[in-house]
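Encoded as structure tokens, the following chain is the form predicted on its own, with no partner shown.
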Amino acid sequence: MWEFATRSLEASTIFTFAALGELIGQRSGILNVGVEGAMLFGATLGFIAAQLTGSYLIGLLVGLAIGALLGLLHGFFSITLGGDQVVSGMGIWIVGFGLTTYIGNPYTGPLGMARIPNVFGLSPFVYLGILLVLATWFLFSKTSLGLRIRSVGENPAVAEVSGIDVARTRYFSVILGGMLMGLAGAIYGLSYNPVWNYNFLMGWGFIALALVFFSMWNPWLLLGGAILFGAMWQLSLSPELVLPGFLSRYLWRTVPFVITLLVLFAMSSKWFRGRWGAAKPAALGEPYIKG
């Protein structure tokens, strides 16, 4: 049972990192549905960098860097060009899906390095994830930077009149968000499952995307949802540890995705928009052209 709990927390940490990156971008008004693609790039390039150099730190830094670059790219299409944010995000996912398969194929197999040591029985990234949730909450609740980010996500025209540089604030948000997505992928490939294989994330980025909506853009609710999804994912991999003999593991593996679909379906309903719509950034997904 302890093994199940620790692996669940490790999985939830990866969901947390990726979802917080998406949350920061969305609070500024930029939607990025390419979370899966950014995570694939971070996982693959971080894995390769760590294997070639023998350094986990370099692998994690590469994940951060590629995530920042993808965030910048998404920002260019969405902010500077004013393009469709969904199309741009899907492009990142499609390119990530194909290109990482080509780049990573020669490195298929285990990482071949000693595992990152635990701290009090847990991965150090678990503690880092909790600190990151706290930092994100503090950013949006207690700082002027967080207020600027929320302002451009609610009404960019008013924010511009108030002296806030909308484009700069949104670029900062999507680049920071991209860094967290890339780092989430690197953590997956270097710590949680250090064995590279074709499309080895298996939809984790889409679950992270759903978590942002599930949390109603609240970092603490997001953490709770990540823990829930982490436990469900681990249950789908090792149901015999908790519920031996109850349903097939292949049926359990569909549960996280079924719940993801249900969450997204509920988010699109008139009931949810009427009851909880105030939590959604008003300008989310809408390009802003400075007048």
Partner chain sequence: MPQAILSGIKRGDVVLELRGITKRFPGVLANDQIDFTMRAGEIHAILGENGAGKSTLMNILFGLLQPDEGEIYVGGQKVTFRSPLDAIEMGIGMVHQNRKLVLAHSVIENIVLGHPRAGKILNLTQARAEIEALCRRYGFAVDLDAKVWQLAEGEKQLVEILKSLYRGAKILILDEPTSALAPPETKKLLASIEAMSQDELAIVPFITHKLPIVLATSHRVTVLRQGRVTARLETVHSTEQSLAKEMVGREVIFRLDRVAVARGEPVLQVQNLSARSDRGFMAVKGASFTVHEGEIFGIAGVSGNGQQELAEALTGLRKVEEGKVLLKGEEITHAPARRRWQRGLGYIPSERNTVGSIADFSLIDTVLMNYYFDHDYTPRGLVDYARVRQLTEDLIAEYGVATPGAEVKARNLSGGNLQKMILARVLSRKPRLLIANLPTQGLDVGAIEFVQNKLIAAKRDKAAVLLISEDLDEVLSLSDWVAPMYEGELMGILPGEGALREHVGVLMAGGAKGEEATP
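Since the structure is predicted, the reported quantities are computational estimates derived from the model, not experimental observations. Positions refer to the first chain, counted from 1.
Just so it is clear, the following notes concern the form predicted in complex with the partner chain, a form of the same protein that is not shown.
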In contact with the partner chain in the predicted bound form (heavy atoms, 4.5 Å), from 127 to 135, 187 to 195, 140 to 148, 173 to 181, is stretch 140 to 148
Would you mind picking the one in I116, A167, A157, L72 that has a heavy atom within 4.5 Å of the partner chain in the predicted bound form?
-> A157
Indicate whether G163 is a 4.5 Å heavy atom neighbour of the partner chain in the predicted bound form.
-> yes
